Every structure is written in C-alpha cells, then in structure tokens.
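For reference, the chain that follows is the form predicted on its own, supplied as structure tokens.
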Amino acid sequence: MYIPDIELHDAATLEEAGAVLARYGPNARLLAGGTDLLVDLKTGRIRVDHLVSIKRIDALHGISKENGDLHVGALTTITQLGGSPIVRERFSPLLDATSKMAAPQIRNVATVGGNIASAVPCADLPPILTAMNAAVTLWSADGVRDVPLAEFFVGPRETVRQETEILTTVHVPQPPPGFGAAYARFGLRDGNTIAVAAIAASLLLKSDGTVRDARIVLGAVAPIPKLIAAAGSKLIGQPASADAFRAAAEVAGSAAEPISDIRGSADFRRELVGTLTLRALTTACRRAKEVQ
C-alpha cells in the first residue's frame, strides 16, 4: 500500500486553510495527526488530490478552563489531553477513554479533533464527551457555530460539518455537584486495539440519592455514538441502585445496532452492551456521590 500523489498545502491560519477547502471542495481533506486519514489514503478508502495541513494554526492548540468549562483545541493530542492537570482535576472521566486508546505512539500524534471529526463508529472520545454534554465549534469564512456533540454525527464517517468548516474547539461544561460520568469498553486485547463495544454514562444525583438526569451513549455498536434517551429516562426520578441500572442496561441493549465481523458477532456485542452499561453507571454513580 502507498499514498498516491497528493498536493500538500501548509496553512498557518484558519483563513488560509478555509480558502483551500473552498477552492477544492470534496477533493481536499484536512490533515492533523493523520492516524486515520493516512491509513484511509493508503487503503483507497479515501481518494483526494489535496491535503491541507493545519498543524501550524495556533488557534487550534491548547487546553484551558473558562468560567469553569473545559476548552480543548482540536489539535490537542490524546496524550496532552490525558496529561492535562485541568482534565485530571474536574473532567477526569475523559481519562477513561484516553488511557485506553491505541498505543502511546499513536496517542502522541492523534488529535482530539481528528478522533471526533473522522466519525469512526468505534472512536473512544465521542461517547464520553457526549455523555458529558460536550459541544464543538465549527469555523468557516462565513461564520462560527457551536454544535452539541449529540447532534454532530449523522452516519458512519459522516457529520454535520460542511466542506469549508474546520472543527476548532471542544467545549465540556463544568460538571455540577452530584455529577459523575464514566466510560467502559471491551477490546480483544489490552493494548493498541479498537473497541468491540463501549458505553459512556453520566448521572446527576439529587441530595437524596435519586437521579435528576442521566445520559447513556453507545459506542462501536451503532452507526454513530448513539445517545439512548429512553435508557436515561428509565433512571430519572429513581434511586441510583443496581436494579435501576440493570433496567437501563436492558433498554440500552435493545437500542444497540451491532454488526458481526472478525472481532465479534452481533449477539456477542449486544450482550456486552448490558454488561458495560451496568459497569459505567456503577462507576458514574460512585463518582457523583464523591462530589455531592
């Protein structure tokens, strides 16, 4: 396998990158870490004549906290996200995903924006970010818009991002007291493997221990990171208990849309959904009680 002849454009600003995207349309792709894109080019999954490197754009780098909310630049690497003191202090559920993604060499290169924008169904960050009510900012020469991550994905490798838009930032709101989240996944081996099935869950508990709000998101068992509203609704108003979690896990399993491939059958994946949902909710509940 080899990469065909491609013209590389090295953009130093969003305006430069946007101009190239506008000029070449679907025949151009953005290049960040390249851990997904370069593989797709080698295998022929994607065929374009132009790549726009955005690595030198300063506006896409950095992690900060503004008014309590987490702001992550799209070019932040997975290693940088996992090592951030800001993330470890109050947004630590993200570490459930960063610690399990690929090998260290890949995490040193792969970017947060790329893991989201590539819209690969088994990507690790989208489910937990969706469970934590995250949104992304999309920039273009025509304007800027914020899109909740729950509304960003429309199909496998398909999002609402337009051809001339660039994902610049991921925003995660400050978790309120009584909020906890967790991400649980299953892979065929410990290192450098993609998820066979994954679940992200978040709970917001009242002072009496009942559930005020809940979000359960499927990963790798549906065409997109799938927020299962019915599973969350099953928990609202209920005591945060193992019985309630099992009922929600049953709803999540019924909503899964797994496929069969060399990593596992659809039936195996659906069974995993129930186990992982229970595991994620249990951890999210423990974390929520720790910060009430």
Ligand SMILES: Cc1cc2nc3c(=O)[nH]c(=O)nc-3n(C[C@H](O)[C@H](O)[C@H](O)COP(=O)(O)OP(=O)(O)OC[C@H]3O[C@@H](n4cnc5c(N)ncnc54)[C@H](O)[C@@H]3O)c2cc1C
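Quick note: we count residues from 1 along the sequence shown, nothing fancier. Since the structure is predicted, the reported quantities are computational estimates derived from the model, not experimental observations.
Same protein, other form: the form predicted in complex with this ligand, not shown, and the subject of what follows.
Although this ligand is omitted here, in the model of the complex none of Ser202, Leu235 and Cys285 has a heavy atom within 4.5 Å of it. The partner is absent here, but in the model of the complex a heavy atom of Ile106, alone among Val147, Ile106, Ile86, Val154, sits within 4.5 Å of this ligand. The partner is absent here, but in the model of the complex a heavy atom of Cys122, alone among Ala135, Cys122, Met132, Leu95, sits within 4.5 Å of this ligand. Note on the interface: of 166-174, 218-226, 86-94, 203-211, the segment with non-hydrogen atoms within 4.5 angstroms of this ligand in the model of the complex is 166-174. Although the partner is absent here, Gly34 sits close enough that one of its heavy atoms falls within 4.5 Å of this ligand in the model of the complex. The shortest heavy atom separation between Gln80 and this ligand in the model of the complex exceeds 4.5 Å.
In the model of the complex, no heavy atom of Ala249 sits within 4.5 Å of this ligand. Proximity of Ala102 to this ligand in the model of the complex: non-hydrogen atoms within 4.5 Å are present. Along 102-128, a non-hydrogen atom within 4.5 Å of this ligand in the model of the complex is carried by Ala102, Ile106, Val109, Ala110, Thr111, Gly113, Gly114, Asn115, Ala117, Ser118, Cys122, Ala123, Asp124, in order along the sequence.
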